[in-house]
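One chain comes next, on its own, written out as C-alpha coordinates in the form predicted alone.
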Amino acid sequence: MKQNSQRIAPLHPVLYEEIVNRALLEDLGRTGDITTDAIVCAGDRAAAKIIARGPGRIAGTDVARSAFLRLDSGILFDVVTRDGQDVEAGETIAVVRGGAGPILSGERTALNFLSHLCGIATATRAIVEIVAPYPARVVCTRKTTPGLRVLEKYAVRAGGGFNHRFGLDDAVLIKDNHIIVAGSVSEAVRRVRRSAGHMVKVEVEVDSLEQLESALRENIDAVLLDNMGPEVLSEAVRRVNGRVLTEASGGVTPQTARAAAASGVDILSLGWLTHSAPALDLSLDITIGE
(Lines give C-alpha, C1' and ligand atoms only; values in the text may rest on other atoms or scores of the structure.)
Protein backbone atom coordinates (compact mmCIF):
# COMPACT_ATOMS: atom_id res chain seq x y z
CA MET A 1 0.00 0.00 0.00
CA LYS A 2 1.22 3.48 -0.80
CA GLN A 3 2.06 5.67 2.17
CA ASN A 4 -0.72 8.19 1.52
CA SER A 5 -3.97 6.27 1.10
CA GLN A 6 -7.56 5.94 2.23
CA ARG A 7 -9.17 2.53 2.66
CA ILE A 8 -12.52 2.49 0.90
CA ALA A 9 -15.06 -0.21 0.13
CA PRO A 10 -15.58 -0.59 -3.64
CA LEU A 11 -18.89 0.27 -5.25
CA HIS A 12 -21.00 -2.66 -6.40
CA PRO A 13 -21.27 -2.68 -10.21
CA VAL A 14 -25.06 -2.45 -10.01
CA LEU A 15 -24.60 1.12 -8.74
CA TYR A 16 -22.71 2.36 -11.78
CA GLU A 17 -23.16 0.06 -14.78
CA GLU A 18 -26.29 1.85 -16.01
CA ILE A 19 -24.53 5.21 -15.61
CA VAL A 20 -21.65 3.93 -17.75
CA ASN A 21 -24.09 2.55 -20.33
CA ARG A 22 -25.77 5.94 -20.70
CA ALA A 23 -22.42 7.68 -21.09
CA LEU A 24 -21.31 5.25 -23.80
CA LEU A 25 -24.62 5.63 -25.64
CA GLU A 26 -24.22 9.39 -25.51
CA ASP A 27 -20.74 9.17 -27.04
CA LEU A 28 -21.33 6.43 -29.61
CA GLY A 29 -24.50 8.07 -30.89
CA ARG A 30 -26.46 6.47 -33.71
CA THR A 31 -23.67 4.85 -35.72
CA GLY A 32 -20.78 4.22 -33.33
CA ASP A 33 -17.18 5.43 -33.50
CA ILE A 34 -16.85 6.18 -37.22
CA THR A 35 -13.24 7.35 -36.86
CA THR A 36 -11.98 4.21 -35.12
CA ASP A 37 -14.12 1.92 -37.28
CA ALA A 38 -12.50 3.40 -40.40
CA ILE A 39 -8.91 3.22 -39.14
CA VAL A 40 -8.61 0.12 -36.96
CA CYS A 41 -8.46 -3.28 -38.62
CA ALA A 42 -10.16 -6.34 -37.19
CA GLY A 43 -7.78 -8.15 -34.89
CA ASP A 44 -5.62 -5.10 -34.13
CA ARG A 45 -4.37 -5.30 -30.55
CA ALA A 46 -3.08 -2.57 -28.31
CA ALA A 47 -1.85 -1.76 -24.84
CA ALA A 48 -2.33 1.57 -23.10
CA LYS A 49 -1.42 3.27 -19.85
CA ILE A 50 -3.65 5.73 -18.03
CA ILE A 51 -1.25 8.29 -16.63
CA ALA A 52 -1.71 11.19 -14.20
CA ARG A 53 -0.48 14.50 -15.55
CA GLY A 54 -0.60 16.02 -12.09
CA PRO A 55 -0.61 14.87 -8.47
CA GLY A 56 -3.87 13.69 -6.94
CA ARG A 57 -6.01 11.15 -5.13
CA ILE A 58 -7.46 8.31 -7.21
CA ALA A 59 -11.15 7.41 -7.42
CA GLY A 60 -13.19 5.67 -10.10
CA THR A 61 -10.94 2.93 -11.48
CA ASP A 62 -13.75 0.36 -11.46
CA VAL A 63 -15.98 2.78 -13.34
CA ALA A 64 -13.27 3.37 -15.94
CA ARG A 65 -12.79 -0.40 -16.27
CA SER A 66 -16.51 -0.82 -16.86
CA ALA A 67 -16.44 1.65 -19.77
CA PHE A 68 -13.97 -0.58 -21.62
CA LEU A 69 -15.55 -3.90 -20.65
CA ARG A 70 -18.97 -2.81 -21.87
CA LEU A 71 -17.40 -2.50 -25.33
CA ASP A 72 -15.32 -5.67 -25.14
CA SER A 73 -15.55 -8.11 -22.25
CA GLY A 74 -12.14 -9.49 -23.18
CA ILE A 75 -10.25 -6.31 -22.35
CA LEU A 76 -7.80 -6.57 -19.46
CA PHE A 77 -7.74 -3.59 -17.10
CA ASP A 78 -5.00 -3.81 -14.49
CA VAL A 79 -5.12 -1.23 -11.72
CA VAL A 80 -1.70 0.05 -10.66
CA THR A 81 -2.88 2.79 -8.29
CA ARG A 82 -6.09 1.81 -6.54
CA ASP A 83 -8.89 4.08 -5.37
CA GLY A 84 -7.95 5.96 -2.23
CA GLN A 85 -4.23 6.09 -3.08
CA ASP A 86 -2.23 9.13 -4.19
CA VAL A 87 -0.24 9.59 -7.39
CA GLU A 88 2.37 12.05 -8.56
CA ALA A 89 2.57 13.51 -12.04
CA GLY A 90 3.72 10.91 -14.54
CA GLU A 91 2.68 7.89 -12.50
CA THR A 92 0.54 5.13 -13.97
CA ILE A 93 -2.98 4.57 -12.69
CA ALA A 94 -3.95 1.57 -14.83
CA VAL A 95 -2.85 -0.50 -17.82
CA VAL A 96 -5.38 -1.50 -20.49
CA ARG A 97 -4.80 -4.39 -22.93
CA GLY A 98 -6.97 -5.84 -25.68
CA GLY A 99 -8.63 -4.89 -28.93
CA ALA A 100 -7.40 -1.55 -30.25
CA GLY A 101 -10.89 -0.56 -31.39
CA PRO A 102 -12.68 -0.86 -28.03
CA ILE A 103 -9.78 0.81 -26.23
CA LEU A 104 -9.94 3.81 -28.55
CA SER A 105 -13.73 4.00 -28.48
CA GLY A 106 -13.95 3.73 -24.69
CA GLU A 107 -11.06 6.09 -23.93
CA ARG A 108 -13.00 9.33 -23.55
CA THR A 109 -15.84 7.90 -21.49
CA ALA A 110 -13.40 6.14 -19.15
CA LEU A 111 -11.24 9.22 -18.73
CA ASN A 112 -14.23 11.52 -18.24
CA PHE A 113 -15.39 9.48 -15.27
CA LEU A 114 -11.93 8.90 -13.87
CA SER A 115 -10.66 12.48 -14.15
CA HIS A 116 -13.86 13.89 -12.63
CA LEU A 117 -13.91 11.49 -9.70
CA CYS A 118 -10.18 11.83 -9.07
CA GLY A 119 -10.67 15.60 -9.02
CA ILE A 120 -13.32 15.33 -6.32
CA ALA A 121 -11.21 12.90 -4.29
CA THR A 122 -8.19 15.19 -4.61
CA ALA A 123 -10.15 18.26 -3.51
CA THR A 124 -11.59 16.35 -0.56
CA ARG A 125 -8.16 15.14 0.51
CA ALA A 126 -6.91 18.74 0.46
CA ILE A 127 -9.72 19.96 2.74
CA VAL A 128 -9.28 16.99 5.09
CA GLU A 129 -5.59 17.87 5.42
CA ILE A 130 -6.38 21.55 6.05
CA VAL A 131 -8.69 20.77 8.98
CA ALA A 132 -6.70 17.81 10.32
CA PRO A 133 -5.80 19.58 13.60
CA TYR A 134 -9.50 19.78 14.47
CA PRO A 135 -12.13 17.06 15.06
CA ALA A 136 -14.55 18.27 12.37
CA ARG A 137 -15.55 15.79 9.68
CA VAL A 138 -15.55 16.97 6.07
CA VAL A 139 -18.78 16.02 4.28
CA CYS A 140 -20.31 16.64 0.86
CA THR A 141 -23.87 17.78 0.11
CA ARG A 142 -26.63 17.10 -2.42
CA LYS A 143 -25.10 19.67 -4.79
CA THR A 144 -24.08 16.93 -7.19
CA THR A 145 -24.20 16.41 -10.94
CA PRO A 146 -27.63 14.94 -11.79
CA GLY A 147 -27.28 11.21 -12.32
CA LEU A 148 -23.78 11.01 -10.84
CA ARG A 149 -24.47 11.40 -7.12
CA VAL A 150 -23.52 7.86 -6.13
CA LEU A 151 -20.18 8.22 -7.92
CA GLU A 152 -19.38 11.70 -6.66
CA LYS A 153 -20.17 10.79 -3.07
CA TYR A 154 -17.98 7.71 -3.46
CA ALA A 155 -15.14 9.98 -4.64
CA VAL A 156 -15.55 12.10 -1.51
CA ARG A 157 -15.09 8.98 0.60
CA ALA A 158 -11.99 8.07 -1.43
CA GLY A 159 -10.61 11.48 -0.52
CA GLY A 160 -11.07 10.86 3.20
CA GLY A 161 -14.37 12.69 3.57
CA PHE A 162 -17.85 11.56 4.57
CA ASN A 163 -21.29 11.81 3.06
CA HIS A 164 -24.25 13.93 4.12
CA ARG A 165 -27.71 12.89 2.93
CA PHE A 166 -27.83 10.87 -0.28
CA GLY A 167 -31.33 12.13 -0.97
CA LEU A 168 -34.48 13.60 0.48
CA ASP A 169 -35.56 10.26 1.89
CA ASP A 170 -32.78 9.25 4.28
CA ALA A 171 -32.82 12.08 6.85
CA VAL A 172 -34.78 15.21 7.72
CA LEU A 173 -33.22 18.62 7.14
CA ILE A 174 -35.60 21.45 7.99
CA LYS A 175 -34.40 24.45 5.99
CA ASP A 176 -35.40 28.11 6.06
CA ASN A 177 -38.18 27.71 3.50
CA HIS A 178 -39.66 24.78 5.41
CA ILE A 179 -39.77 26.98 8.52
CA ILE A 180 -41.51 29.75 6.56
CA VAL A 181 -44.15 27.33 5.31
CA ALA A 182 -44.67 25.78 8.75
CA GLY A 183 -44.71 29.16 10.52
CA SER A 184 -42.00 28.42 13.09
CA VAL A 185 -39.17 26.06 13.98
CA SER A 186 -41.33 24.51 16.68
CA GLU A 187 -44.20 23.75 14.31
CA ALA A 188 -41.87 22.38 11.63
CA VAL A 189 -40.24 19.99 14.11
CA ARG A 190 -43.64 18.98 15.52
CA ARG A 191 -44.91 18.04 12.05
CA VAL A 192 -41.77 16.07 11.28
CA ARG A 193 -41.76 14.14 14.54
CA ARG A 194 -45.43 13.28 13.99
CA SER A 195 -44.72 11.61 10.65
CA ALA A 196 -41.08 10.50 10.60
CA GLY A 197 -39.98 7.04 11.69
CA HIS A 198 -38.03 6.47 14.89
CA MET A 199 -34.79 5.82 12.97
CA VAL A 200 -34.86 9.15 11.14
CA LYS A 201 -32.47 11.88 12.28
CA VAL A 202 -33.76 15.46 12.36
CA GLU A 203 -31.58 18.48 11.63
CA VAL A 204 -32.64 22.13 11.61
CA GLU A 205 -30.96 24.91 9.63
CA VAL A 206 -30.45 28.17 11.53
CA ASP A 207 -28.87 31.42 10.39
CA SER A 208 -28.70 33.35 13.67
CA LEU A 209 -27.99 32.75 17.33
CA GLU A 210 -31.58 33.63 18.15
CA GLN A 211 -32.89 30.99 15.77
CA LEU A 212 -30.40 28.54 17.26
CA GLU A 213 -31.89 29.04 20.70
CA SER A 214 -35.34 28.27 19.30
CA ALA A 215 -34.07 25.11 17.64
CA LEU A 216 -32.35 23.88 20.79
CA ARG A 217 -35.65 23.89 22.63
CA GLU A 218 -36.94 21.23 20.22
CA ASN A 219 -36.42 17.46 19.95
CA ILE A 220 -33.71 17.51 17.27
CA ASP A 221 -30.47 15.69 16.57
CA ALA A 222 -28.37 18.32 14.78
CA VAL A 223 -28.24 21.99 13.82
CA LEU A 224 -26.93 23.34 10.54
CA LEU A 225 -25.22 26.67 11.21
CA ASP A 226 -25.72 28.46 7.91
CA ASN A 227 -23.33 31.12 6.59
CA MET A 228 -21.95 32.09 9.98
CA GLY A 229 -18.53 33.66 10.37
CA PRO A 230 -15.89 32.08 12.64
CA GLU A 231 -16.74 34.16 15.70
CA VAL A 232 -20.48 33.49 15.47
CA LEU A 233 -19.78 29.80 14.78
CA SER A 234 -17.66 29.59 17.91
CA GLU A 235 -20.41 31.18 19.98
CA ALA A 236 -22.99 28.84 18.47
CA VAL A 237 -20.88 25.80 19.36
CA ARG A 238 -20.47 27.15 22.89
CA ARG A 239 -24.23 27.52 23.27
CA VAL A 240 -24.95 24.06 21.92
CA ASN A 241 -22.46 22.63 24.41
CA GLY A 242 -22.58 19.13 22.97
CA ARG A 243 -26.35 18.71 23.18
CA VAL A 244 -26.69 18.07 19.43
CA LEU A 245 -24.34 17.74 16.47
CA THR A 246 -23.21 21.02 14.94
CA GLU A 247 -22.70 21.46 11.21
CA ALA A 248 -21.14 24.50 9.56
CA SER A 249 -22.43 25.04 6.05
CA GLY A 250 -22.56 27.79 3.47
CA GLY A 251 -19.47 29.53 2.20
CA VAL A 252 -17.09 26.82 3.41
CA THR A 253 -14.23 26.70 0.88
CA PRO A 254 -10.55 25.72 0.93
CA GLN A 255 -9.84 29.29 2.04
CA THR A 256 -12.32 29.33 4.94
CA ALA A 257 -12.41 25.69 6.06
CA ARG A 258 -9.65 25.95 8.67
CA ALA A 259 -11.22 28.90 10.45
CA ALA A 260 -14.62 27.21 10.40
CA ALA A 261 -13.17 23.99 11.83
CA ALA A 262 -11.40 25.93 14.57
CA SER A 263 -14.81 26.95 15.92
CA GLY A 264 -15.24 23.42 17.24
CA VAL A 265 -18.09 22.31 14.95
CA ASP A 266 -18.58 18.59 14.46
CA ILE A 267 -19.16 18.72 10.69
CA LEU A 268 -18.06 20.90 7.78
CA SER A 269 -20.28 20.50 4.70
CA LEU A 270 -19.00 21.71 1.35
CA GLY A 271 -21.05 21.71 -1.82
CA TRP A 272 -17.85 22.91 -3.49
CA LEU A 273 -16.41 19.40 -3.33
CA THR A 274 -18.82 18.03 -5.91
CA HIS A 275 -19.90 21.08 -7.92
CA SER A 276 -16.62 22.95 -8.33
CA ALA A 277 -13.66 20.61 -7.78
CA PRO A 278 -11.34 20.72 -10.82
CA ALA A 279 -10.84 17.48 -12.73
CA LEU A 280 -7.50 15.70 -12.41
CA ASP A 281 -5.67 15.85 -15.74
CA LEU A 282 -5.16 12.34 -17.12
CA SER A 283 -4.00 10.84 -20.39
CA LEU A 284 -4.26 7.47 -22.09
CA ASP A 285 -1.06 6.62 -23.95
CA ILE A 286 -1.49 3.76 -26.42
CA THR A 287 0.96 1.46 -28.18
CA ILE A 288 0.29 -1.12 -30.86
CA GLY A 289 0.63 -4.74 -29.81
CA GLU A 290 0.82 -6.14 -26.31
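Keep in mind that this is a model prediction, so the values were computed, not measured. Throughout, we count residues from 1 along the sequence that is shown.
There is another form of this protein, the form predicted in complex with a further copy of the same chain, and it is not shown here; the text below is about that form.
Proximity to a further copy of the same chain in the model of the complex, taken as a non-hydrogen atom within 4.5 angstroms, holds for one residue of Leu209, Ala196, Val95, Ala132, which is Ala196. Proximity to a further copy of the same chain in the model of the complex, taken as heavy atoms within 4.5 Å, picks out 143 to 151 from the listed stretches 86 to 94, 121 to 129, 209 to 217, 143 to 151. Contact check for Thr36: a heavy atom falls within 4.5 Å of a further copy of the same chain in the model of the complex.
For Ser105, a non-hydrogen atom is located within 4.5 Å of a further copy of the same chain in the model of the complex, even though that partner is not displayed. Contact check for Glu26: a heavy atom falls within 4.5 Å of a further copy of the same chain in the model of the complex. Taking non-hydrogen atoms only, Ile75 never approaches a further copy of the same chain to within 4.5 angstroms in the model of the complex.
Counting a residue when any of its non-hydrogen atoms is within 4.5 Å of a further copy of the same chain in the model of the complex, the hits in 168 to 188 run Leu168, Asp169, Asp170, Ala171, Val172, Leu173, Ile174, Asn177, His178, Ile180, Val181, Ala182, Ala188.
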